[in-house]
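Just the one chain here, laid out as structure tokens, in the form predicted alone.
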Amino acid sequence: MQSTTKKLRALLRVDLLLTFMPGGALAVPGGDAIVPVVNELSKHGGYDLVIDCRDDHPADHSSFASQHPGTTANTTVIELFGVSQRLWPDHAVRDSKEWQYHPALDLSCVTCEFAKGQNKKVDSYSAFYDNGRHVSLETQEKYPFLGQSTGLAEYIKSEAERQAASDIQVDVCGLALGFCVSWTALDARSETYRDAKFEVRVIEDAVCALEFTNGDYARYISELEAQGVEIIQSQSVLQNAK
């Protein structure tokens, strides 16, 4: 009897919150335009897991420029407990209106949700780990709260085991390329299951970017591709799911 293999396929929907939509505190240009694409992928992409990943900040989060007098949101970069940190406007504050998902986002297909950025001492762009994951051992020893997992990697791997999957594919969509989308994709790419790296894809027409300088977008794409992240379009997902 011929053996069969199963690939666990997960769709990670990153930060589709009002705070990142046009009119929000940290608006990503065109962010609302990708919501219908994300909905279509979630319903018809053939995924085993559809996971929402969201910023979940306390009001006094240290990444907010408001917590550092004399600084400017979006442009000031400081060292925060040994981690380079761009300062942001107050955003995604837990239980605020802007912390809510975009009202048109379909939540009916969501398997579970993972929060990030809950520790006020360290930001968390990635849905997998906080921003302190890659600091030196000396810095980690000095600030032992750095480098914590959100539990997302463990969850995906446990689901793969439960479903007897032979390997794992993670597709990433949402906001914003260059920051939370990119960090999530790169951390996913660093994960292994049964001695094989996660296969990771970013769905280009289901993401938008924060660009501060000319050429940022092309650089974001190049950085992902250099680490083995595939850049695809939603139509290829939907066609292959039929």
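Start at 1 and count along the sequence shown; that's the residue number. Because the structure is a prediction, the values reported are computed rather than measured.
Keep in mind the form predicted together with ligand VGL is missing from the figure; the text below concerns it.
The candidate spot formed by Arg13, Ile34 and Asp171 is out of contact with ligand VGL in the predicted complex: none of the three has a heavy atom within 4.5 Å.
The closest non-hydrogen atom of Ala185 lies beyond 4.5 Å of ligand VGL in the predicted complex.
Heavy atoms of Trp88 reach within 4.5 Å of ligand VGL in the predicted complex, making it an interface residue.
Ligand VGL is not shown here, but in the predicted complex it comes within 4.5 Å of a heavy atom of Phe179. Taking the partner from elsewhere, Ala206 is found to have every heavy atom lying beyond 4.5 Å of ligand VGL in the predicted complex. Checking 148 to 156, 88 to 96, 104 to 112, 163 to 171 against ligand VGL in the predicted complex, the stretch whose residues place heavy atoms within 4.5 Å of it is 88 to 96. With the partner omitted here, the residue from Leu26, Val50, Val202, Val38 that has a non-hydrogen atom within 4.5 angstroms of ligand VGL in the predicted complex is Leu26. Shown here without ligand VGL, the chain has Asp55, His57 in 33 to 60 lying with a heavy atom within 4.5 Å of that partner in the predicted complex.
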